[in-house]
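Given as structure tokens, the chain that follows is alone and in the form predicted on its own.
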């Protein structure tokens, strides 16, 4: 059956020419005959061919661009894209049995995420088009990687925008809940069934390794979640205090401590803002503070309040650092640009009357590619700063 044709406006064409893979519904002028989740051909009003895309009947992102070529978008097409993504990971992921294997737009496979945890794969299909392709994608993953299990964690609220129900379960292989991985000399346990995202956060791996070069003395890890920074830096420190508001996350963090035979970590359930304020009042001091909070700005409207939150958080952290100490501070809010985030930190330093030196400017690990013309793929900002 021939693919349906969707006509896009001149503004839609301009977005493609600018290198962005999304066409919004307001730039679709004719989609008659296009089925929800189908692969369609894109033409302009003069019927010139511009490529092929996944079509959504409900999302404001009506089209997710796949290819400029007029070729069959079939099993071979997707197998080639997945194999290319895996070949790139073989280059940039070292000393780790966990990584993001397919990063959606970052691997030219829009709305598809595949994470590897040891011999298990966890998949998210976050659009009508990728969800419709799920059986084919599972077949390809089995053929290329022969995993023990392929799970789906399609319990993301993003699917509501695509009129897709939330799903969680086994797509192939055996049921698996917990997997232990090896990452740069650290053993980590992930809960694939109930953990955040696909089971955990894989984008900080390289930042933990970088922070290890500066870790020493007394470490404070705020928003520790399952202890990725705390466990990864503990051997370089005399003591570690790690704080999170989730008792479930801290339970897994303690498991990670045990897996690595560490005895110098104290886990504490609590609000990180409150702790930092109290620590300053009590005169507590640390040699390194890690701030890795959840996103403060999930929507553009929350940007102003998010920047206030980042300033307050960093102000409190800067005040309790010893001279020569290090601040590792992160933002995973896409709407907070790197310059704005750095500005909030600078303002905090001025209020604290401390001088900060930028030691490293970092982002997400390389298995989460950033496309130069797609700003949405650059979401994680990480700074390592020395406090004078």
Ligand SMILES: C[S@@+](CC[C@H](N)C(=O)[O-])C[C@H]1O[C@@H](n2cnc3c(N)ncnc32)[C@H](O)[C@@H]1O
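Bear in mind that the values here come from a model prediction, so they are computed numbers and not experimental data. Numbering follows the first chain given and starts at 1.
Below, we refer to the form predicted together with the named molecule, which is not included among the displayed structures.
- Put simply, residue 138 is far from the named molecule in the model of the complex: not one heavy atom of it is within 4.5 Å.
- Interface membership of residue 127, defined by any non-hydrogen atom within 4.5 Å of the named molecule in the model of the complex, is ruled out.
- Using a 4.5 angstroms limit between non-hydrogen atoms, residue 175 is distant from the named molecule in the model of the complex.
- Residue contact check for residue 78: none of its heavy atoms lie within 4.5 Å of the named molecule in the model of the complex.
- Stretch-level contact check against the named molecule in the model of the complex with heavy atoms at 4.5 Å: of 159 to 167, 234 to 242, 195 to 203, 106 to 114, the positive one is 195 to 203.
- A heavy atom within 4.5 Å of the named molecule in the model of the complex is found for one listed residue only; from 286, 267, 214, 223, this is 223.
- Scanning 272, 179, 297, 123 against the named molecule in the model of the complex with a 4.5 Å heavy atom cut-off leaves one residue, 272.
- Within 4.5 Å of the named molecule in the model of the complex, a heavy atom is found for not a single one of 305, 335 and 343.
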